[in-house]
Structure formats: structure tokens, C-alpha cells
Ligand SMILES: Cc1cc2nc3c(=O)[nH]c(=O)nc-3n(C[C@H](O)[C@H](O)[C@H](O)COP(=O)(O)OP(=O)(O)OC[C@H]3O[C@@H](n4cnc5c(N)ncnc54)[C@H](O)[C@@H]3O)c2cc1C
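Starting off, we have a lone chain in the form predicted on its own, written out as C-alpha cells.
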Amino acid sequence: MTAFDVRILGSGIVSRAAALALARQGLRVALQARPPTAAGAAPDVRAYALNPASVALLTGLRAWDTLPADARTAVHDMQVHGDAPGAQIAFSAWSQRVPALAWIVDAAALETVLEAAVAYSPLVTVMPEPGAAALTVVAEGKASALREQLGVRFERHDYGHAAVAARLVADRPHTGVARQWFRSPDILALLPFDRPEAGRSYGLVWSLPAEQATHWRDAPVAEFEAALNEATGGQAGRLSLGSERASWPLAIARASAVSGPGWALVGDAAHLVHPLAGQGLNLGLADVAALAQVLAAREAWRALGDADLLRRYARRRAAGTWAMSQATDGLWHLFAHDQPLLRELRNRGLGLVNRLAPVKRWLVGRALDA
């Protein structure tokens, strides 16, 4: 008999959520995680957009309600702009009949809350070394070493772009409105937030060609703010930098298999998508929810690592992850090129969709349930 039922590899939000979700079923979990980051490391400026399904999972794990009030901000409206006057789509929680389209969450705060929850779970043991278990859940992220050892191909395509992230402060309230600009060759998103200043802050995610991203990550503050305000055209007010800047390369990737005898992949170890729709973490948490549901519904005689059982998880996640991957990749390619005819078609398309309420409701519904 092994000491644990499940071992989980990973040190992030998805791995800790998986540990808590499986422990709630009475399973003994070994979380093989790296030690906490040493003091003095650069502040985490990431902000995640979580959909209602992710919030429901975190609420069930008793993590959501323990987040500080200023670490989560509801998005009531979203405005998506093209690269021509009048080319835009507006979405609202009211028309979708939901409390919020999404919640913007401080990445570091969410990790801290989940880390504390894991520490208080009697069925989760955090350990730096591998522990024997019937099932191994790989949540190590895009650079997973175990995934490679399992013989799983990670079919990755680099966009040649990078994301620049930061916290911003505006000179007027954000009123819960998220804003996004699709242009050639960049995509810029402002996510309403309450840190560092309540009611007037944004999380910035700016996707740019890699060379430009490096430039704006390192540019003098005044130069960066001038470019940012020019790009947003004053739609969110005058924006000032409220944090350090960070940058990372962007890619699309899918694992050739997400399960096998005794193992399953979740989160970025299984798939990567462009952040333009803010669905990366939502997909990872949806993996956790699906795996937990499959394991909870297994036959009493079936082992946790049974290959047929884990194929149920793979089938359950296949359509959703494929659809979101294709949608984000298609949008990126649509706006990455600056041919006049293509630019005209995509801007007209934004205006057309904005006038078709059923189509807008369908698009938002897919994002809410990702």
C-alpha cells in the first residue's frame, strides 16, 4: 500500500487547487512543490480574469471568500475596440443576466490564499521529493520535465510576440469596465482592478512583437506612459505606471496526450493559449474540476490510475480546450496582419457582431463556461 493516493507536481494555482479538490474527496495527496520564493524577488504584477466556473470551484475549495476585498474586482462591462473608428463590440453582465462577466484577481494574493489552505488541509502533504502514489497529476506548467519523461509531445508554436504586464493607475474610476484594443500588430487589454489604488487601477496585458515588448518593458517610465496613453486614446483616462513591468513570450501549444496509465496533465502542462481572451487559468481550473468529477464518479472497484478512467477526463476536456485554443489563435492571426482588405473586413465584422445580440450572448456564454 502506497503512502498517498495522488501525487501532484507543481507550485502554482492549478496544482494547489487540484490538491485541495482531491483532498475534499478523502484522498491522501502528496503535493510535490518548490519551496516558496525567496524574499527580495520581483513583485508579481500578474492579474487573472476568472470566469464564474473558476470562481465556483475556488468557492467550493473555501479559497475565494478568503481573498482580500481589494484582490478581486468584478467586471460588469467590456469594450473591445478594433483599429478603425466605430469598430467595437460592447458586452455587459446585465445583458448576459449574470452578476459579472469576470472577476479580475491578484495572482499573488490567490496563490497566498491557496498556499494557506493547503497548509491547513490534513490530507495534503507538501514535500520537495517525489512520493509514491496510484495517480500522478502533472501541473508543472509549460516546461514540465515529467511530461517529457512520459513521452508526451508538447506541440508548441511561438507567436514571436511577448506580453508586457504591469499595474496602472488612472485619473478617473474604472467603474468595472474592462477594455481591449485589437490592432495590428499589438493587442492591449486593461483589466479593472483595485490595486494599488481602489477603483482607479488596471492590470495591463500588452501583447507586442518580441522586440517591441522588450523595448517597452525597459523604456523610461515617461516614455512608456506616453505610448500607453496614445495607444488607449484616453478611453480609460490618463494612465500612470503603478508597478514594475514584467514580460514573457507568447505561444500556443497542446500536449499530444493528457492522460495515460497512472497519470494526467492539467493546466499549462497540457495546453497553452494566447492571453487575448484571458482564458489560460480558466482552462487550467476547468481541468481540475473535470478531473475531480471523474475521480469522484469512478466505480468502487476501479483504481485511481486506471487508464480507461483517466481517458474519461481526457474526453471531457478535449472539446473545450480545442475550441478555446482555436478561437484565440484565430483571433490573433486575424489581427496580426495589416493588409488593407483584411483590416477592413475585421473592423466591419466587429461592428456587425456588436449589432447582433444573440451572437454576442453566445460568445460571452462560451467564455463564461470555458
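When you see a residue number, it is the position in the sequence shown, counting from 1. Since the structure is predicted, the reported quantities are computational estimates derived from the model, not experimental observations.
Keep in mind that the form predicted together with the ligand is missing from the display, and what follows is about it.
Residues with any non-hydrogen atom within 4.5 angstroms of the ligand in the predicted complex fall in just one of 214-222, 138-146, 237-245, 292-300: 138-146. With a 4.5 Å cutoff on heavy atoms, Val14 counts as touching the ligand in the predicted complex. Using a 4.5 angstroms threshold between heavy atoms, Met324 stays clear of the ligand in the predicted complex. The ligand in the predicted complex comes within 4.5 Å of a heavy atom belonging to Tyr48.
Taking the partner from the other structure, the ligand in the predicted complex has a heavy atom within 4.5 Å of a heavy atom of Gly267. Proximity to the ligand in the predicted complex, defined as a heavy atom within 4.5 Å, holds among Ala33, Leu310, Leu61, Val29 only for Ala33. Residue Ala163 is the only one of Ala163, Val258, Val118, Leu168 with a heavy atom lying within 4.5 Å of the ligand in the predicted complex.
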